[in-house]
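One chain follows as structure tokens, the form predicted alone.
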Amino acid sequence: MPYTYSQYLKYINKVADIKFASALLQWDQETYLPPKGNYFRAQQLATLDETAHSLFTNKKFGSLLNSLLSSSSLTTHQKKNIEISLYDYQKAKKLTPAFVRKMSEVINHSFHAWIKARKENDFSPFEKPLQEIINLKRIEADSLGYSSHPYDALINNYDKGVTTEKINNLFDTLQPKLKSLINEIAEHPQVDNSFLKRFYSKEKQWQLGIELLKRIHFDFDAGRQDISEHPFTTSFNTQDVRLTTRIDENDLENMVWSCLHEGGHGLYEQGLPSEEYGLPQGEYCSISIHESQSRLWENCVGRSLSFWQANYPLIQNYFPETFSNISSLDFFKAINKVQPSLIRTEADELTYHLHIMIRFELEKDLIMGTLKAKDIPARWNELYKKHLRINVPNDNLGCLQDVHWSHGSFGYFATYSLGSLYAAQFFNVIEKSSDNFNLADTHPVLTWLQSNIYAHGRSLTSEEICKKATGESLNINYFLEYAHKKFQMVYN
């Protein structure tokens, strides 16, 4: 009896159910899990991850996929789902269920070690768990295979076809142009953003964040926001998308940019084809494209003058004691201040890429084995001095600031820069789509993204989406032109 597409749907939806159940437990772990629940949560997550992997790599499922791939009864759309699932199946088969369980257990332990290290402002509790993750990631790279650099295998997990060499070449071209612009800006009088560092109550900041998410049309009937140590977004389906933010009562920007950044991720997840639940074409294209969405809403929209000319009364209403005497233009300049800083998530649009390049350099060496976990703090501090010309005072403001390594997310960081570059290129097309383009109404932006990015799911690669949406491959000149135009306004 021949296999049917409906059998494929039933099977892959079952796998998706298990994966999303695991994702829900992970979300809970980073938001509401009581400290004493850590041990059993690690076991639960490991069991679900191992089960999902075993189910997905079952030989019968492989036979089903291979049979359907040669079937003449499928539509082009259905065949695309089968092709992508078969690619995923063949890749997943290279890792054993035991390895997947081990990785899950180590990551869970590492995350809580990272939390402990953060509380103590000391890298040492995180050192050994991190080294264990690095060791497993090197095994994973060898198992998946690569042609030039073991790091290629890990980058490919986040953006198919992207290589270490490609990113090296991109950064080699981008870095001198960025540093030239940063140095040029440094020759002009610095803008004042001190009013953003005053006391802003947690309660009012929370309410403001919710309002900002509504202004960019995040659907709270299909999502929610909570507090976490490090902001993130997760999704269990298009109707249940979870955002988190963090609030510093002495720094308004921390919350504002976390909300808009994660809100961009959330809009992408809510906009994917809901009828494709569990299927490749119901998934996001790549992490680079996902980050293009967060960076577009955070920066191209959220740090624009026209957005704040329209929405400035909102912030004045919540904090009249500060903003009643500050113009929207001065606010726009303040939120676009360019200055080397310690924290990646709080960095301006230009120096941000230097933060990414530092992490990229560290990860390459860690996966090659030329750098050990114990050497990270010293090397981190050395690179920050070299590229950003700043001294790192402690581990929390240095190598402990990102959650990614505790999650085993090696290969992820470069997608932030790729995402920013894609975002500028997409936004260029969006701006030209209307003669009277203005961000007082962000609906046209969302509508364009829904049609040109979200609707494709995972049927196209990052490069294919870029070509289809903009007419050309990724081109860093769009970001550089966007940056020059903005910072000419900010620094006169």
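Note that residue numbering begins at 1 and tracks the sequence as displayed. Just so it is clear, the model here is predicted, and its values are computed rather than measured.
Here the subject shifts to the form predicted together with another copy of the chain, a form of this protein not shown in this document.
If contact means a heavy atom within 4.5 Å, which one of 441-449, 38-46, 65-73, 456-464 is the stretch that engages another copy of the chain in the predicted bound form?
Going through the listed ranges, the match is 38-46.
Counting any non-hydrogen atom inside 4.5 Å, which residue from 172, 187, 221, 321 sits next to another copy of the chain in the predicted bound form?
By the 4.5 Å heavy-atom cutoff, the listed residue in contact is 221.
Of the options 91, 101, 79, 364, which one has a non-hydrogen atom that comes within 4.5 Å of another copy of the chain in the predicted bound form?
Only one option qualifies, and that one is 101.
So, residue 32 and another copy of the chain: in the predicted bound form, are they within 4.5 Å at any heavy atom pair?
Judged by the heavy-atom cut-off of 4.5 Å, residue 32 is in contact with another copy of the chain in the predicted bound form.
Proximity of residue 20 to another copy of the chain in the predicted bound form, heavy atoms at 4.5 Å:
Within the cut-off, so yes.
Can any non-hydrogen atom of residue 345 be found within 4.5 angstroms of another copy of the chain in the predicted bound form?
No, residue 345 sits far enough from another copy of the chain in the predicted bound form that none of its heavy atoms falls within 4.5 Å.
Partner contact for residue 242 in the predicted bound form: another copy of the chain, 4.5 angstroms, heavy atom
It does: once another copy of the chain is placed as it appears in the predicted bound form, residue 242 has a heavy atom within 4.5 Å of it.
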